[in-house]
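Let's start with one chain on its own, the form predicted alone, as structure tokens.
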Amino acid sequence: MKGVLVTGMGIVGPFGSGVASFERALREGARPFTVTSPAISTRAGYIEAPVPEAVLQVAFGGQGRTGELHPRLRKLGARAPLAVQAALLAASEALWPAGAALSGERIDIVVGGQNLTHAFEQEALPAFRQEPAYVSPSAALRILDTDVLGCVSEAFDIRGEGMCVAGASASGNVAIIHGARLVCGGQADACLVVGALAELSLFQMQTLVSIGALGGEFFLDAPHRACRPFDRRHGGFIPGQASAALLLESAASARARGAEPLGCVLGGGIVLDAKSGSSPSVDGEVGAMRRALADAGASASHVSYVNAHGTGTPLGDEVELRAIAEVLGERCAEVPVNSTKVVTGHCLWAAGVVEAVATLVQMRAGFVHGNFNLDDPLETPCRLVGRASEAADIGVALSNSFGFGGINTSVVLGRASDSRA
């Protein structure tokens, strides 16, 4: 792939709203996890990293300063599901500071995520059971994943191609790869890639408990310690809520607008395991990383940082470390590896975009964040970052995301100067 510039980034998550807030959380090891006790569950409580209600109330509830959010966004998001509100906030940060405004037919949108409104439907069910005729006509749109796509396109007057892509927990990386291909192939000057927030229903949470993927039950009294990628006391992933956006753009378009490049997407790889289950595969993960490096015209010798999928599930962590070691070979002892999920939780459909933003933030600021709950590391030849952030000179980075259904993805990110666009 010919490198595609990143000229805008935006994010909202459990740490608040904005890339600056996210960088502080990564540096300082914020772990904003809380416990909820649902009425219907086999668990006494769930640990999650939710978006603070105050962030959305300020943006959409009329409690913020006048003019803080564009009136069009406020109108679109005021009564919308959480996934739409978070996407509008992330997209506005990515689009509007990036030089002259982008809109019209030469900008595309790719939204990564699926099953975005199960929680919305769950909340609407009691009223539906009481009086079906009172179901709002707008619900017919709200229950579709394309509601996020439509609201973002209307908010920013984007009239190019648009789509939602799904890859389970790899959806964010799938969206980045498709967006980069659209720009690289010349179909668009720019593409807004949005990782959609996952607001899980109680039914979805119970399915994750039943399949053995959800952790945290032994940390209800210390939720900030529950998310433990690569630690021997890992017991499953901890859900997090975030939406992130990247503005991908050709060099010619960025130059014409006077937009500052923040980094670039050098390549990406998607590999299937030809298996429908939830078990990870060393071969599939190795294949995705090697395909991404080949797409970037790079090799393991160029890699100076790995942002791991690192969910905190015992099998997933072990398999990924074996895969990273196989790809990096002798260099695995010197390349730092961390997992951003220790700060954000597992943001599921948005994870790939959230972690691409994390990678670029660390690359630009010259550090790698800690694996803050890494008290007793797994045995591995890989160099896991310790419990504190440390200085680092990141040139070329791999960012991994893997999903149920045997979906393995990796993207290669670099400095803006590495782009061949």
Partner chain sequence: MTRDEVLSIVRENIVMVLPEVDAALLRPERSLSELGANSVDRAEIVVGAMAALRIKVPGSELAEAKNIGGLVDVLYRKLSA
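Positions refer to the first chain, counted from 1. Every value quoted in this text rests on a predicted model; they were computed, and no experiment measured them.
If you look for the form predicted together with its partner chain, you will not find it shown, but the lines that follow are about it.
Contact annotation for the candidate site: A166, G186 and A274 all lie away from its partner chain in the predicted bound form (no heavy atom within 4.5 Å). Under a 4.5 angstroms non-hydrogen atom cutoff, its partner chain in the predicted bound form has K75 among its neighbouring residues. Contact annotation: E131 falls within 4.5 Å of its partner chain in the predicted bound form, judged by heavy atom distances. Taking the partner from elsewhere, R257 is found to have every heavy atom lying beyond 4.5 Å of its partner chain in the predicted bound form. Interface membership of V135, defined by any non-hydrogen atom within 4.5 Å of its partner chain in the predicted bound form, is confirmed.
Proximity to its partner chain in the predicted bound form, taken as heavy atoms within 4.5 Å, picks out 136-144 from the listed stretches 85-93, 222-230, 136-144, 295-303.
Listed residues R331, R79, R159, R322 were compared with its partner chain in the predicted bound form; R79 is the one with a heavy atom within 4.5 Å.
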